[in-house]
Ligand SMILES: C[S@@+](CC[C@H](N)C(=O)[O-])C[C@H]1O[C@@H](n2cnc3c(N)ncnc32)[C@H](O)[C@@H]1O
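One chain is shown next in structure tokens, namely the form predicted on its own.
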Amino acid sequence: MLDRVEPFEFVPVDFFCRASLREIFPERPEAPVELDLGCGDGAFLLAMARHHPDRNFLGVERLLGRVRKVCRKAWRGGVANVRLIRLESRYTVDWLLPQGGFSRIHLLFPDPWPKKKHEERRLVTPGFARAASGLLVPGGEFLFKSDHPPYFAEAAAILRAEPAFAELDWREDSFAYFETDFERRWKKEGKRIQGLRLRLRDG
């Protein structure tokens, strides 16, 4: 089974320098690349990749079991434009991914770490917002969703305060955007889903 996983899992040669898109997607390094941070079971990642075969999709997930499962799903489904990295999202953004390489970054339902003692574990900080903006191509977009109102308000304020970003309208019919398993679950429970769409400013 491992040989079916290996083509889809990207393991950097050096974890202490930035990889190139050619290393991650050697077959089509020139195609637009979208980044899914904390891709979980890969439902959103794989749906987007199937819908946009002309683009490449990179998922970041820290849990080995999830990474291997998504790789197997990609292999079984013949979804060739997907790669997975098993690593923490913050480290990957700060130190590993190529700057100016991504057309979109998706951050969907990150753990809100609601307890006061866990605040330092929250992903969205001013430093993260700055680092994420550096990964985008000119005009690239950052898309964020959360089901947790206090965390959404906090994270959205941080992201809006990043001077590299300008906010865009995000209607449901703006473009094809698939639900994660978390989103379907939260909607069934009647939770309110909030979203934020940002664009990297020119210059």
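The structure presented is a predicted model; accordingly, all values stated were derived computationally and were not measured. In this text, residue numbers run from 1 along the sequence as written.
Omitted here: the form predicted together with the named molecule. The next part is about that form.
- Heavy atoms within 4.5 Å of the named molecule in the predicted complex are found in exactly one of 25 to 33, 130 to 138, 63 to 71, 158 to 166, that being 63 to 71.
- Only one of L108, V124, L84, V93 comes within 4.5 Å of the named molecule in the predicted complex through a heavy atom, and that residue is L108.
- Proximity of M48 to the named molecule in the predicted complex: non-hydrogen atoms within 4.5 Å are absent; the residue sits far from the partner.
- In the predicted complex, C39 approaches the named molecule with a heavy atom inside 4.5 Å.
- Taking non-hydrogen atoms only, F182 approaches the named molecule to within 4.5 angstroms in the predicted complex.
- Heavy atoms closer than or equal to 4.5 Å to the named molecule in the predicted complex belong, across 81 to 106, to the residues L87, E88, S89, ordered by sequence position.
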